[in-house]
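Quick heads-up: it's one chain on its own, the form predicted on its own, in structure tokens.
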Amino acid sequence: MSARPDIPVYEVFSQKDALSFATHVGSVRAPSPEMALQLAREAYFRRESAFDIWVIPASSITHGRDFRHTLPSAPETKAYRMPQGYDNGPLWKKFKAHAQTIEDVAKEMSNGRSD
């Protein structure tokens, strides 16, 4: 069976419970939103329950890649947002190499005194 271009595609989103996010579960082809909702229930929620279901015409969804001039030219590196993104090892070693001990501080304070 071939896809009919005259029947619109609807994207199906569901929410598992009242506090969860809506997630994309798939697509259906249907002549109307009501039929798309019925087909989505049959196709995706026969065994699995859902708190709420949305069907949205695929033509109503805007993709970022359709407007490339709005996207960054190169993907941003966001390693700084992750704990392993900080490379503090060399800095920590340098700090420890130049760190003073309490004895050094005490000696420096005693040498600086004017008795």
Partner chain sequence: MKHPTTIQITALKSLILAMADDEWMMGDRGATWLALTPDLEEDLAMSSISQDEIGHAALLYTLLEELGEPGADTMVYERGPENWHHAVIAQHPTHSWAEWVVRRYCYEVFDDIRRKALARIPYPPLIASLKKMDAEESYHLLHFRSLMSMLARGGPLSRSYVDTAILADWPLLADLFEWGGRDEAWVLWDAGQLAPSAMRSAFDLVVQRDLIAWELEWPGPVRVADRAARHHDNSKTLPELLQHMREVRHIALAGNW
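Positions refer to the first chain, counted from 1. In this text the structure is predicted, and so the values were computed from the model without any measurement.
The next section is about a form of this same protein that is not shown, the form predicted together with the partner chain.
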Do S59 and the partner chain come within 4.5 Å of each other in the predicted bound form, heavy atoms counted? no
Taking the shortest heavy atom distance, is H63 within 4.5 Å of the partner chain in the predicted bound form? no
Does at least one non-hydrogen atom of G26 fall within 4.5 angstroms of the partner chain in the predicted bound form? no
Find out whether any non-hydrogen atom of E34 is located within 4.5 angstroms of the partner chain in the predicted bound form, and reply yes or no. yes
Stretch 32-63 - residues with a heavy atom within 4.5 Å of the partner chain in the predicted bound form: E34, M35, Q38, L39, R41, E42, A43, R46
